[in-house]
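Quick setup: one chain, the form predicted alone, written in structure tokens, and binding and motion questions come after.
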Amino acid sequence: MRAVVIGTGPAGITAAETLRAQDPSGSVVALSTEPYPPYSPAAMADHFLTGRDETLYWKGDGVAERLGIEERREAVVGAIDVDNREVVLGDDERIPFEGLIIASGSRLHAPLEGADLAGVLDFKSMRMANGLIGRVKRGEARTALIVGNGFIGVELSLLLADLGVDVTIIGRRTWIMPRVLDRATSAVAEQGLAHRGVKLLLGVEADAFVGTPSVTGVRLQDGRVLEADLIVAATGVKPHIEFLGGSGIVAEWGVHVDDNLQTSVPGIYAAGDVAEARDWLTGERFVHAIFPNAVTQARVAASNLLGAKLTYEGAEAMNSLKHLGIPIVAMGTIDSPDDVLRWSSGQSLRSVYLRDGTIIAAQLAGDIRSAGVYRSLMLRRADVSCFGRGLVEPGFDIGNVVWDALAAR
């Protein structure tokens, strides 16, 4: 099969690798908008802090040559011609395909006035991140304002603080990472940020990026204007689907896929940050934009493109903060629990959310050794009501205590 993969992030390069492994006589063209080898966005902070390339270029910087993939860098997709089975590039070059995998990832979503001003930075791509961190390392930036108190904003604030930048996070919600963390777990994370020197300006609405001709600051809704050397938008991400207009491929926030990860057009699949796949817990469409889900989806999509009949079982929301100094893991959805169990000691906190005796979410800070057990119980939809408060107390996950207790029921 002649296959084309749009994107070389974790989903894209995994899909290309799977296609080559399962169809050695076929061909794969992998398209990337950037000039870099396939890399893992989740490893960028570690790369810029330590200089290590191993985790960033996680498949090796010569992966395309090693696998026999035709890798096209700085190739911007303008459209997909479904009728003629061609990917149309921005320069009108056409690349024919028999099978297509859309793994185009996501981009910054900054619905603020002035977001298109020169100098508004983000940490979503290596191209932009190189420019941002380059300014810091050249001594051109001593202060930074990060608009957005979500995962990307927090990770970037820690990186910049470690590089000696005076960082302030501006967030409209009153606690950090509100889409991921509950207030109790967020409070632990906020202590960690304060310890690292990151300032938090929460419960404040950013109104616009301002400056002429380049951005110089952020205007708040109360009229204040804050200025800094670096102005960073970390207001969220949106799937890259701009090129799908007129293609007939159904997309809303992301690309709609079925349980085989096929789009509305036969022979065209999607995986990673661009795919609206089934949420394991709720059954609703959702974009689970994390590394493990992207890799799993890519393997399923590529296999199915070649004729397999694999079912994607769905994903659950899961995030971890690795650079805070206090490890934090959050999984599942905290919406509509009928019970919440908590245990805390010092900087360690466990919160388990229950519905009908099953775990629907868990958040751990400090001691995260139970994360794997909670996730396994959640995915199994195991009835854990027999444990009572012992579910969150120390020693819960020692040895086979958990599984022996469930087996005895």
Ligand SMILES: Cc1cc2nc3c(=O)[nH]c(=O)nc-3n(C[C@H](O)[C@H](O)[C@H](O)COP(=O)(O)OP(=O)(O)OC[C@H]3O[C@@H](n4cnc5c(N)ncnc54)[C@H](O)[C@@H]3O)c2cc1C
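Numbers follow the displayed sequence, beginning with 1. Worth saying up front: this structure is predicted, and the values here are computed from it rather than measured.
Although it is not shown, the form predicted together with this ligand is what the next lines describe.
**Q** Please state whether all three residues Asp166, Ile170 and Gly192 have a non-hydrogen atom within 4.5 angstroms of this ligand in the model of the complex.
**A** Zero of three within 4.5 Å in the model of the complex.
**Q** Please name which of the stretches 25-33, 369-377, 339-347, 355-363 has residues with heavy atoms lying within 4.5 Å of this ligand in the model of the complex.
**A** Answer to the contact question: 25-33.
**Q** Does any heavy atom of Ala15 come within 4.5 Å of a heavy atom of this ligand in the model of the complex?
**A** Answer no; every heavy atom of Ala15 is more than 4.5 Å from this ligand in the model of the complex.
**Q** Test of understanding: in the model of the complex, would Thr235 fall inside 4.5 Å of this ligand by heavy atoms?
**A** It does not: once this ligand is placed as it appears in the model of the complex, Thr235 has no heavy atom within 4.5 Å of it.
**Q** Do Phe243 and this ligand come within 4.5 Å of each other in the model of the complex, heavy atoms counted?
**A** Heavy-atom contact with this ligand at 4.5 Å: present for Phe243.
**Q** Contact between Phe209 and this ligand in the model of the complex at 4.5 Å, heavy atoms?
**A** Phe209 lies outside the contact set for this ligand.
**Q** Can you work out which of Gly148, Gly99, Gly254, Gly105 has a heavy atom no more than 4.5 Å from this ligand in the model of the complex?
**A** The option sitting close enough to the partner is Gly105.
**Q** Mind listing which residues of 33-68 have a heavy atom within 4.5 Å of this ligand in the model of the complex?
**A** Stretch hits, in order: Thr33, Glu34, Pro41, Ala42, Met44.
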